[in-house]
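Take a look at this single chain in structure tokens; it is the form predicted on its own.
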């Protein structure tokens, strides 16, 4: 991995940990190596425009999305509850915003879009940008993934 990607991954790991600790009161750790346990049914996407042109995707299985929504909202949720989509979108928004806030000037001079959430998974997803990396994370045995592309 290049130095630029190492820095981006370090910022992403830090942003994810901070969001989980402050908003969900849980610890969340990056997973190393290949992990095939994420089905990627629910996907939230945030786009960066300005000094940084790119996108951040967060994807999770239905089960992980429901657990995340419960942790974030403090109430039980059903798998197809629209609040689950909102929670995954908000989680992506907080992580992308946290990652952006860790950028140094002039890269920090970019805006992020509102999250778009789909239940179509990542099938057919192709990054429009040249540099792409992904990380998987686990909290309490629940795995989700984040893709950053620039």
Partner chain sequence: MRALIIDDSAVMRKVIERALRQAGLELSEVLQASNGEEALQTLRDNQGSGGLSLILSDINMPVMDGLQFLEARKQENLAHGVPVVMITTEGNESFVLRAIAAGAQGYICKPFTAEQVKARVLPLLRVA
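None of these values were measured; they are calculated from a predicted model. Residue numbers count along the first chain shown, from 1.
This protein has a second form, the form predicted in complex with its partner chain, left out of what is shown; the following refers to that one.
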The one option of 52, 83, 31, 122 with any heavy atom within 4.5 Å of its partner chain in the predicted bound form is 83
Which of 10, 131, 22, 140 has a heavy atom within 4.5 Å of its partner chain in the predicted bound form?
-> 22
Could you tell me if residue 27 has a non-hydrogen atom within 4.5 Å of its partner chain in the predicted bound form?
-> no
Applying a 4.5 Å heavy atom distance criterion, does residue 93 contact its partner chain in the predicted bound form?
-> yes
Looking in the predicted bound form, any heavy atom of residue 112 within 4.5 Å of its partner chain?
-> yes
May I ask you to state whether residue 87 is within 4.5 Å of its partner chain in the predicted bound form, using heavy atom distances?
-> yes
